[in-house]
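Only one chain comes next, encoded as structure tokens, the form predicted alone.
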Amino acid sequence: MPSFDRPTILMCPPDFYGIEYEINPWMSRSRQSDSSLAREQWAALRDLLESVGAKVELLEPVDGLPDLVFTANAGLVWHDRVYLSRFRHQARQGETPHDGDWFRAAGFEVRDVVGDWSFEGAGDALFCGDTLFAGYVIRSDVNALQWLGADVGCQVVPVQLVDDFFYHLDTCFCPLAPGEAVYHPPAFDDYGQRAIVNQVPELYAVAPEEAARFACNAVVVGRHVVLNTGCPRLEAELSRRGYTPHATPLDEFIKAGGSAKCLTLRLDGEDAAGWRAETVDGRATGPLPPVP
């Protein structure tokens, strides 16, 4: 069983990152990323996460898998178990064997989603308290997310995504703590908007122009929130709520439809996940000591 003494995040260096195909509206092979600048931005994100108390583990990059850098899509972590992604698009399906090898070597129990359903990991499955919010239709199938909730034994709230620019749940919904989140309402259908309002008592709706800067695609480490630049309203709201925002430029990754959260996978469980306070076989799994 993996053991963590502080918040631990999986990242993958962008050695082979680039816009080699088009599977979301952000991506255009005619608008390539600057590889040197992408490396600088990725390294600045890693350094910033380490400076707020996180430990960063590295997944080895693989030539021919440019989106392996977006480790949030590798799978969903629950205790010492990880549910591997089954990518909808063939261009990303080669990532899964490499992700699985890393998790096994790290001591995780690795599981596959049953059936023939698509599932794209923490991109579309986020805990807020004891509830698993599940984004579906664009990349993940609702049946996969319902099966996952049953296997874990938690409540699942499916929320349909309706805007291709916000194709994963983590592009438009960010749990901060149990019962608290930021979101972009127009990314969801009417039912999804009502479900989020009913389930999450403390909500903040980001401005459309900041949603387009991937404001919701943020990384929470204790009371620190790391996000892309260009989101001053959200930064002010986070400060008002007692969080410390840290902005770092990630425009080279927005060209592929990703930002801070997409580039990270929390291995010890997100701060907002209620299961971190539970135990498994008498062994404490969380919460870890708070990060100031």
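Fair warning: this is a prediction, and the values are worked out from it, not measured in the lab. Throughout, we count residues from 1 along the sequence that is shown.
Here the subject shifts to the form predicted together with arginine (ARG), a form of this protein not shown in this document.
Annotated contact segment (heavy atom within 4.5 Å of arginine (ARG) in the model of the complex): 160 to 168, selected among 175 to 183, 141 to 149, 160 to 168, 111 to 119. Taking the partner from elsewhere, every residue among 73, 92 and 262 has a non-hydrogen atom within 4.5 angstroms of arginine (ARG) in the model of the complex. Remark: residue 123 counts among the residues lining arginine (ARG) in the model of the complex, judged by a heavy atom distance of 4.5 Å or less. Residue 256 belongs to the set of residues with a heavy atom inside 4.5 Å of arginine (ARG) in the model of the complex.
The shortest heavy atom separation between residue 44 and arginine (ARG) in the model of the complex exceeds 4.5 Å. Contact annotation for residue 62: none of its heavy atoms lies within 4.5 Å of arginine (ARG) in the model of the complex. Along 1 to 28, residues 23, 24, 27 each place a heavy atom within 4.5 Å of arginine (ARG) in the model of the complex.
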